[in-house]
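Next up is one chain by itself, shown in structure tokens, the form predicted on its own.
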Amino acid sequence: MSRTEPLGNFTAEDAPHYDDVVQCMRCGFCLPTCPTYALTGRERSSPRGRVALARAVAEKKLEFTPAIKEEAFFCLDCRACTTACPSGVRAGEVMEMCRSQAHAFYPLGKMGKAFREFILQKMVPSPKMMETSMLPTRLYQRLGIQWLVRHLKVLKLGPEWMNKAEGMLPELEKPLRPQLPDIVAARGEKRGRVGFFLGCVMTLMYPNVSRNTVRVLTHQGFDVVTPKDTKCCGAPHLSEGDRETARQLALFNLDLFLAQDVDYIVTDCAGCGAALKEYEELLAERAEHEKLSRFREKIRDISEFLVEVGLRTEGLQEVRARVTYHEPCHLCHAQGISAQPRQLIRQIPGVELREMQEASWCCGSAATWGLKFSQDSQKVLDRKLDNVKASGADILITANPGCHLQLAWGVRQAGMPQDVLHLMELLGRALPPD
């Protein structure tokens, strides 16, 4: 069925595919994997219930009601249900489509619409505008205003999400994108040439992580090419139901990276990797199949790439640490990458990996979900932190900036001693000095 044909009571543009909503056998395998079902015990807040709602709209048995809109945004899109589903039902993607539908059925007011369009269509697609927007926040931290605000607990008087958002801020450095050379040469025996997809959050909030990613890649013998014009991968737009802007960004990145003479395209952001691997589907009717297929074949998460080419361990220094690993949903469930990060951790001399229970259970971040549903997010996070404590690890490792922000904030709030690091920061500690 064409994407532009109306489906039941959905609007014509960006409706779920009928095949995707009739696959569900209602077996219930998804129920124990769903954080929102665990929180509420409510059928409609389960993957099975949400898909049933979408099917009812597709079959004209139900209008697109406010309750369906609510469930579309209450879904974390963690995709744990997809991993568990024997029929391959992708409830998270169905809810992503329903978010687009929600904006068609229940458009925002004039001010809200203008603000949303400015953020998603003007600011996020512009690397320079994003970098400029962070300057006041860096001054807020450098001038001691942040210390004063936190000391006086001023933000506790405002909405809960605002206090949490401020509390999650890491200590900001200058963005990495303008600092990173266009090409960083391989060290030692050269093994190839990779394009580096530097994500928006990574350059703005975790430049040290991506700096280490480039160090690791060059130490492994790869030239690293970082196109400075790279735009957002489109993941925030898919999450917020703006699929058209996501397509425009995808088309730009597709042409930009295919023009580079690289063997692979590597990212250290699980959310970016999942979005990039979905370009083939997102752009199915907008780009040539051959280009999409060539792009998809090159995309790798950094852990997936290093295991595939083989980690060169000679020269790695000992890092004495007990670590546990939290699996980002968009790495283990959206990309099926679970064993590779563990394999890399075990190859670092001196590191002891202590598995936590429910390592692949969501941390409660899920883009803006952790702010929109802050109390529910805290419950999901508490469950994760209990498992971190029980592991007895000194360091909590993850591989996605959203998880990193949420977990680091949660550990601080709970007064826990663990450092929270990206896998590339841990591996970077094992590299010899530059």
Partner chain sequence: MISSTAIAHLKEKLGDANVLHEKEDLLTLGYDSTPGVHHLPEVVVYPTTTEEVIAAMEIAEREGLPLTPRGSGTGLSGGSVPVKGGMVLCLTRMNRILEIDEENLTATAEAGVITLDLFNAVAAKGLFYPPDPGSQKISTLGGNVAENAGGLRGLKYGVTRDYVMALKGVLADRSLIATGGKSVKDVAGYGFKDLLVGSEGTLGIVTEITVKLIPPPQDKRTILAYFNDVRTAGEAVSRIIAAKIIPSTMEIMDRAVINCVEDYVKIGLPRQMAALLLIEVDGHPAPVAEEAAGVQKILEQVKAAEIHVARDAEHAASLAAARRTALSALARMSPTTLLEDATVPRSRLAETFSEIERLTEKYRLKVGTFGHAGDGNLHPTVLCDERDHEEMERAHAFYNELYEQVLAWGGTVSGEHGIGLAKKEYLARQIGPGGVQVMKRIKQVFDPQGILNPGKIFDEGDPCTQVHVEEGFRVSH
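Quick caveat: nothing in here was measured; it's all calculated off a predicted structure. Positions refer to the first chain, counted from 1.
One more form of this protein, predicted in complex with its partner chain, exists but is not displayed; see below.
Here the chain stands by itself, but in the predicted bound form one stretch of 403 to 411, 64 to 72, 382 to 390, 368 to 376, 64 to 72, has heavy atoms within 4.5 Å of its partner chain. Its partner chain is not shown here, but in the predicted bound form it comes within 4.5 Å of a heavy atom of A84. In the predicted bound form, G310 stays away from its partner chain, with no heavy atom inside 4.5 Å. Although the partner is absent here, V22 is a contact residue: one of its heavy atoms lies within 4.5 angstroms of its partner chain in the predicted bound form. Its partner chain in the predicted bound form is not approached by A38, whose heavy atoms all lie more than 4.5 angstroms from it. Not one of C200, L204 and D229 places a heavy atom within 4.5 Å of its partner chain in the predicted bound form. Residues of 49 to 63 placing a heavy atom within 4.5 Å of its partner chain in the predicted bound form, in sequence order: G49, A52, L53, R55, A56, E59, K61, L62.
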